[in-house]
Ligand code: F6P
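One chain is shown next in structure tokens, namely the form predicted alone.
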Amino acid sequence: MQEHPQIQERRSDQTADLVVVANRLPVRRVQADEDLDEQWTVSPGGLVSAMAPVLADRNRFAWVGWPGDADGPTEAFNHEEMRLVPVHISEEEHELHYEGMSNGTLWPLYHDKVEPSEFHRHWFDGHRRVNQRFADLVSENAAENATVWVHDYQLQLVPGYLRALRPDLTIGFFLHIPFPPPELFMQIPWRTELTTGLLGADLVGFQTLEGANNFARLARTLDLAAGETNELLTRNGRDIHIRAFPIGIDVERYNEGANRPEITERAALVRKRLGNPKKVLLGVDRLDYTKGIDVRLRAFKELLAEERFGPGEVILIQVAQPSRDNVEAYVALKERVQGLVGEINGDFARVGVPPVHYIHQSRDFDELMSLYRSADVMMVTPLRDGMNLVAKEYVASRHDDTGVLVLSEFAGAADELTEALIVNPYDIDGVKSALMRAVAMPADEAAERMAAMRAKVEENHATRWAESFLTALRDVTRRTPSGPSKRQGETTG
């Protein structure tokens, strides 16, 4: 298929050899005064941290993404040597594509339908339009034979659309959340379009081998691709490689942050304000129904009721960062969590010493570091998670090899951090047993486990993850395709 002539005409001499495509631009607007130029700052986040060192070595790269609101810029601009290409999304389109299809249909289904998914045709129509607009802008801004790296579940149609527009491109896609079993995915009315979209990539990456295998099985089940192994599929004579790339964190940032004297002082102050308990338990999550916050609160409540934990001796801090407050399922979760916190503190508090300290606010980096350093036990118990970087952040912060991690078997991080106390978050008795074991764990055993986990986190850091994906993408496109040239265009339907 030939590239659309209008797109070819619009392409400028500022085209990029590497184009990163994500739902959001890596910057956020901090000031928008009519008398001043727009002010931008680099956004915090794992993807930005991972990509920054890789992009620093590239002379010609661009980042395509939504600027954050319907009134954002519509023309490409530069910020700190990054070329940023904004995608305009109207408020209505944002409601359909992001709040609707992405977070009302795909998010719950990809997380094992912890909450029901909704299927609405107008949501998918808006989702399709936005994905096509992303693909058009990438096509305009990508140089001949450029490499394009598309990220996450909001943009699964982009690789297929882009393959049709620009068969010369090398296209990679990485999914940051879990990919469900085919038996769940088959419920989506638009399963063929979404799967075909992902098959437009040369390399499709997932957090875990389970996710990669699920996708390969799905593509064969729908008869959209062939292949005797889950690592290599073929479609229209073109090879599609399927692999797992577990994402890492910026280890140096967390290690250095936790080592600063002021953080040590703040951590000691946290424990003092808690009444210097014997043990501090910590949970840090977005307030999302996939995170299992209410499950761990029920487990903690039962341990107090059974007098396994003494009030004032074991304290739980739960940070629940606000998330999607306008979605009914999240509002219900917020009420459920707050009700549990009230019940626990009402039943077991002593004057001035509540067993649960609940923080429904976003915390800055330094405060998170002080919480990580103050906590004896970190609870990461999602019902389903692609990776969960909080687990790795906690490990990276424990430079003295203290602390115990209690980790859900349904978080991608459990594949790597096998020295954690692995639990089934649906099993409250199992969670209780793990918490009791964590609180009572001898220091030498805790140190041995933490040192092993720290070594893994330090080895598989964020930049290595990004480099490994781009290296794999380069390598797979050097191989001889199994049929007609992979540069041959193909339809997306």
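This is a predicted model, so every value here is computed, not measured. Sequential numbering from 1, following the sequence displayed.
This protein has a second form, the form predicted together with ligand F6P, left out of what is shown; the following refers to that one.
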Using a 4.5 Å heavy atom cut-off, state whether Tyr161 contacts ligand F6P in the predicted bound form.
no
Taking ligand F6P as it sits in the predicted bound form, is Phe245 in contact with it (heavy atom to heavy atom, 4.5 Å or less)?
no
Can any non-hydrogen atom of Asp285 be found within 4.5 angstroms of ligand F6P in the predicted bound form?
no
With the cut-off set at 4.5 Å between non-hydrogen atoms, does Tyr153 touch ligand F6P in the predicted bound form?
yes
If we take heavy atoms and a 4.5 Å cut-off, which stretch out of 70 to 78, 145 to 153, 230 to 238, 85 to 93 is in contact with ligand F6P in the predicted bound form?
145 to 153
Selected contact from Arg324, Arg384, Lys334, Lys301, since only one has a non-hydrogen atom within 4.5 angstroms of ligand F6P in the predicted bound form
Arg324
State the residue from Leu194, Ile177, Ala414, Leu421 whose non-hydrogen atoms include one within 4.5 Å of ligand F6P in the predicted bound form.
Ile177
